[in-house]
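This document opens with one chain alone, in structure tokens, the form predicted on its own.
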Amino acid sequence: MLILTKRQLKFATVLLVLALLVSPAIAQDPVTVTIFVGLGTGTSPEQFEPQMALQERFNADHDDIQIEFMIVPHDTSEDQLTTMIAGGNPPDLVGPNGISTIALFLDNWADITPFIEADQFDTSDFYPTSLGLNAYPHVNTGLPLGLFPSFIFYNVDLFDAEGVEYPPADFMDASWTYDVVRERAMLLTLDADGNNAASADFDADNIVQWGYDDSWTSAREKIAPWGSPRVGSPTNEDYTVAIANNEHWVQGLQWYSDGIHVDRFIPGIDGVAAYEAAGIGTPLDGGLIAMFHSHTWYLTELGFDGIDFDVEIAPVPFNPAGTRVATMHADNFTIPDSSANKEAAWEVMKWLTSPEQIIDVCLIYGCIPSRISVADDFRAELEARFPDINYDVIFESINYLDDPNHESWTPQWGRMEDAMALAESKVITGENTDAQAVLDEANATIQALLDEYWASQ
């Protein structure tokens, strides 16, 4: 038996007390959650400081978790994230992610469903339409952060100059259709002599102003609003059958093709090059486009301080099927499944999307907060920054998003997107202006991709 002297016993007691004091400190060393920024927005110089302020706020309020933003150049972000994941050194959160980049890396994300269930997390404050944007049958990639609904920006002065009626702002006004967009856009498309595209004297080789443009949209987004039962998806519900040549998409792409090459109210590749050559920063900036289809993020792209005309917004039109589809972009943060800190990353995700933080986060990234409870406060922020815009159009458009989304995942997502982009390119360049033909070709390619994918499973 070991017998300790009083001095030894006293010394051992001191050591025990020190051990008890030190052990909790070691156990409570904070977990660092690295947030990878670069796949989407967040890389502009003016966004650096607000993100650092967000980091400092979180870290000051938390002892157990600290966050660290890792901002990488957008052009190299996909390769860098792929390398980090493959090398066993993944970040703990990635974002803000758009629907397209989430689809591109879909196999790499953790499913947050177990965290929601374990916490009994209440999602009722999120717009119901937002909850499914990045959720698939086998994985829910993250809590909704921000929404970017789409609508029509229009140059009020150009409408006034030609005496053309403004687009209606009333979402119940079913008279606002793609046929009416075409009619008004032709009246707003002018040649160098001031003749519009509806005039017999119109010189189609000398256009100086166009009535409509959506050159900043992807192939699927251009035709998703046209009423397909699968809206923005080129496949059926179980991803086994290609439906890219459905009658609704054909109708939409033919409208677009005719708008460029027949009716001439949409700038084709030469027209876009012409107004870009004039030094215009964005399509609406130079006053050569009357109507431009885009999203809320365009509010920050459009140089309001530098333009000398009035801008307003209107809902997207009704399609021939009698429905309205306002295509939606959306952001959230995702957790790589290989992260060693998924539980801590979940806590950070909840914080970023909480009612207390989401306004500040969305002001950094230019999105509409996905929480209903902060809509009035955020609207006040927007009105202060961009006055004289009809914000009812922005918030009402959220109710008409495309589901399935035009950026949603499909098997072989990247190659499928390439097939659709090729079809769009053929129409824009005039290589083939027959929408049925180019979509038949795209459909065959997509079906082959689906067959290849399922054969490998």
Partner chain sequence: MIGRLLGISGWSLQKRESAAAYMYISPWIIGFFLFTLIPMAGSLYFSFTDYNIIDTPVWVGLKNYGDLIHDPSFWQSLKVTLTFAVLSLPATLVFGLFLAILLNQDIPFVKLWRTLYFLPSVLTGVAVVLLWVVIFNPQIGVINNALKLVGIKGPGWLHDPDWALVSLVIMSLWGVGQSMIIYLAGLQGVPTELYDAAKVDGANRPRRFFNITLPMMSPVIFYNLIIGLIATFQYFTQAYIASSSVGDEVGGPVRSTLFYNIYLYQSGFKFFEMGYASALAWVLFVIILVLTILVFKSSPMWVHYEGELRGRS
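Owing to the predicted nature of the structure, the values given are computational and were not obtained by experimental measurement. Residue numbers count along the first chain shown, from 1.
As for the form predicted in complex with the partner chain, it is not shown, yet the points below apply to it.
When you look in the predicted complex, the only residue of Ala169, Ala321, Ala274, Val156 with a non-hydrogen atom within 4.5 Å of the partner chain is Ala274. Exactly one listed residue, out of Asp238, Asp377, Asp79, Asp193, brings a non-hydrogen atom to within 4.5 Å of the partner chain in the predicted complex: Asp79. You can rule out all but one of 422-430, 43-51, 400-408, 386-394: in the predicted complex, only 422-430 has residues with a heavy atom within 4.5 Å of the partner chain. For Phe105, a non-hydrogen atom is located within 4.5 Å of the partner chain in the predicted complex, even though that partner is not displayed. Proximity of Gly414 to the partner chain in the predicted complex falls within the 4.5 Å heavy atom cutoff.
Proximity of Ile269 to the partner chain in the predicted complex: non-hydrogen atoms within 4.5 Å are present.
Contact annotation: Ala174 falls outside 4.5 Å of the partner chain in the predicted complex, judged by heavy atom distances. Along 80-96, a non-hydrogen atom within 4.5 Å of the partner chain in the predicted complex is carried by Thr82, Ile85, Ala86, in order along the sequence.
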